[in-house]
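Just one chain follows, in the form predicted alone, and it is written as structure tokens.
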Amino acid sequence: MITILSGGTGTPKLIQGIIRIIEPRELSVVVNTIENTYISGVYVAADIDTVMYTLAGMVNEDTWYGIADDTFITHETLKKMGFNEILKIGDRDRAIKIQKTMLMEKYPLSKVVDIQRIKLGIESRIIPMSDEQTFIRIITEEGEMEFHEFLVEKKAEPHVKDVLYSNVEPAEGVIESIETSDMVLIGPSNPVTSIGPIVSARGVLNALKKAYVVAVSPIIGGKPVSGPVGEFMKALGYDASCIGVAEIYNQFLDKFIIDVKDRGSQKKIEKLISDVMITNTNMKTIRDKVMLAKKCFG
């Protein structure tokens, strides 16, 4: 059994490779919920939906958000009526979000996600990090912002001074999944806003310290693969490099995989984490994703 800790961009790419070399039913994915919010009256769990759509083979790989070949009739109609959504939500994607919203009137998020992944024919388990309402605030030079306001509306341009988020109770199954897995894999997601909130959930850090944990760096050649990873790391006092990621994870990490472009950082990282693997981590093709997945288990 393998447990993956995931955000919504880098790690789903790796998941595409993983499900080609192991049985999907042997995989559990614990997903960040800190960015979940309501938009246009529907519950948006962006990272969960990206993981779900990836495992269902229907994710939009151009944006790593939403469903491939979706239409946007509702979004465009709202725009014509003078209402601009902060996120561009596709019609099929919106339908799944509407169902999630209605089901949450009766069930906790983890149960709702389980219902939806079964309906979509997904064998792997998808576990939200928490059933509690979570929040994240980005403190910038322009003031305090919600995550989507900073990332989408402001295009991650304001200088980040701090990142604050709630510490929550983990959803049922999170701790058990980590403790009973042969390996816990942290994909190349943002260590501050995607993985950090999962680790901060009560009891998760202690569970990780007892597990065999492998992580893939989200930084290649000193540059984040995607998103404002560097801005968030610097705001918390870390260098925006694979060394900085190693410092964030060093309390529980057993093996760290970095890109060939970061070979020069190996010796410094080995002072924090003894097992450092160097390989190509740039996942441009499905072959790249499968090869990196194999390295994770090697």
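Remember, it's a predicted structure, so these values are computed and weren't measured experimentally. We number the residues from 1 along the sequence you see.
Beyond the structure shown, there is the form predicted together with a small molecule, which is absent from this document and is the topic of what follows.
Location of the small molecule contact in the predicted bound form, chosen stretch of 213-221, 73-81, 197-205, 162-170 [non-hydrogen atom, 4.5 Å]: Correct option: 213-221.
Considering non-hydrogen atoms and a 4.5 Å limit, which listed residue (I127, I122, L109, V225) is close to the small molecule in the predicted bound form? Contact check passes for V225.
Taking any heavy atom pair closer than or equal to 4.5 Å as contact, tell me whether N190 reaches the small molecule in the predicted bound form. Contact with the small molecule, yes.
Would D49 show up as a contact with the small molecule in the predicted bound form if we use heavy atoms at 4.5 Å? No, D49 stays farther than 4.5 Å from the small molecule in the predicted bound form.
Examine L253 and determine whether its closest non-hydrogen atom to the small molecule in the predicted bound form is within 4.5 angstroms. Contact with the small molecule, no.
Looking at the partner-bound form in the predicted bound form, is V229 within 4.5 Å of the small molecule by any heavy atom? Contact check for V229: yes, within 4.5 Å of the small molecule in the predicted bound form.
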